[in-house]
Structure formats: structure tokens, C-alpha cells
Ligand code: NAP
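Take a look at this one chain, the form predicted on its own, written out in C-alpha cells.
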């Protein structure tokens, strides 16, 4: 019976039990135990989200780690975990579609001026607002992997001109896929809506800073559901305050939960979401987690094992 140490930053006994029940549908022998308990000393695998890594590091029987989400930066940070330890991420079509729904909602709220109409309703103003011509708008998606590619396709179906940027060349029908620093700058200059879905790596840390925002068109919309560390928040606030960035919608932050003293809360044209754009669903992710546990237990390499040198 494989013992799996479990930890989520939202951890409680109910959540652990839910995950165990879902995983046992596909692998009945799995036994989840709290990472911080004595039982975890016997764990051969850890299933984690934003766990105390020193505790993980000191579990001597571990053969592999599984992220409870698409991202793995919470496991790789500070190089605490041995770089020979296999790390597996979740790649779930449900998560990809959830992210797409959230991004599409953000884009449509921007293009149809949803919040402008909300303000009019408060003041009992009944009149049309200027509508953006969506056929002229260009959307840049930074990060077009398992999730970003789904978002790109869905926006394309809605009639938008969609461009994708990634580390390696991708081929997605109907999407102009680009790579390289020069193309990154070209997208910043030419597009109207900028969507960050990048993994967090050394190359993407602080990638959206004042130099990036200044290159964007006046009145651009910036959407971030990648990682908070990819954005220099003071620079974003500055560009939103000046109106250069007309609207920003954020789901991730440098520090989470977002501190009440953060100035992001105070900026009217910045919308705050609490990291919920694409949450992991035990119902749909349990099967691949069960398979990953079985693979690690048997000394095999599970699907979606990351390349450590790339960070994803």
C-alpha cells in the first residue's frame, strides 16, 4: 500500500479525504497521510501544493513528487528539493477549459465595457457606450502550452485575431505562433490585449515590468493568470494609474493571499481575483494522479514529468 504525504496550503482533513476517495477509485491501495504527521515518514510520494519544502526534503523514503496543479514553481523554488527527485505536474483538460472560460470572460468584459455599464446602472443612466470593433483587436497570449493553446483556440473561434508566444515553436491552426525576444517585443507593441499564461522560470521572472508596459499600446488590457512573480506590481500600478494600461485583470500575485495593504486593491482599473481562474478538480485530475503514483511506485517515469532544467 503506497503511502502518499499530502499537503495543500488550504489543507484540512476534509480536503485530504476527498482527494483520497477520488484517487482510490483508480488505485484503491493508495493511503494519503498529512505531510506534517509522523505517518509521512513512511511516504514514498508527496502530493503537494505550496508545502513547507524543508519538511519534504527531510522525508527520506520519497521517490517522487506530484504537484496538485499545473505549475511546479512552488516545488522548485530556492532549489531546496534535490534536482534528481522526479516532479510531476497535472495536465488536465478540465483545468484548461476552466482557464479558457475565465480568460474569455475577461476579454469580453473588456471589449464590451461591462464595468462601464455596471457604473451606469448604479446611476440609472440608460445609454449605449462606445463598442470596440473586435475584428480590429489583436490578442497576444504569452504561454501557449497545454492551457494556453486551448485559450487561443477558443478566442479564435470568437472572431479575435490571436497571436501566441512561447519558448519553443508551436503549430496551432489559425494562431500565429512566435518565439524569441524580438517577437515578444513586437507583440507588446502591436497587440491590444495581453494575456500571461507563462510558467514561472528564470526567463519569465519579472518579464512584465515598466519597459514591457511602456511598449504596449496606450489603452491596452493586461490579463495575468500565469504567476505573480512575472509582473512587477508597482510598475503595473503606475501604468494603470496613468491610463496607459486601461484595464488589468489579475488572478495571481507576488504574495498570496494578496495583503490588504497592497496598493493593487486601491487601483480602480485593476480587477482582483483570488487565484481561482483554473482550480484543480479532484474529480477530473484523480485518474492521472493515481497513474503517476503507480508509475513512481514501480520505478517508472510518469506522464507529465517535468524537465528540471526548464522549470516545467
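All figures in this text were calculated on a predicted structure; none of them were measured in a lab. Numbering follows the first chain given and starts at 1.
Separately, the form predicted in complex with this ligand exists; it is not shown, and the next lines address it.
> Taking any heavy atom pair closer than or equal to 4.5 Å as contact, tell me whether residue 165 reaches this ligand in the predicted bound form.
Within the cut-off, so yes.
> Would residue 203 count as touching this ligand in the predicted bound form under a 4.5 Å heavy atom rule?
Flag for residue 203 set to yes.
> With heavy atoms only and a cut-off of 4.5 Å, decide whether residue 95 touches this ligand in the predicted bound form.
Although this ligand is absent here, residue 95 would touch it in the predicted bound form, with heavy atoms inside 4.5 Å.
> Is residue 99 near this ligand? Define near as a heavy atom within 4.5 Å, in the predicted bound form.
Residue-level check for residue 99: yes, a contact with this ligand.
> Within 4.5 Å of this ligand in the predicted bound form, heavy atoms considered, which of 112, 238, 170, 156?
None of the other options qualify; the answer is 170.
> Of the residues 51, 249, 285, 277, which one places a heavy atom within 4.5 Å of this ligand in the predicted bound form?
Of the listed residues, the single hit is 277.
> This ligand isn't shown here, but in the predicted bound form, which of 136-144, 75-83, 186-194, 214-222 has heavy atoms within 4.5 Å of it?
That would be 136-144.
> Within 216-247, which residues come within 4.5 Å of this ligand in the predicted bound form, counting heavy atoms only?
Stretch hits, in order: 225, 226, 227.
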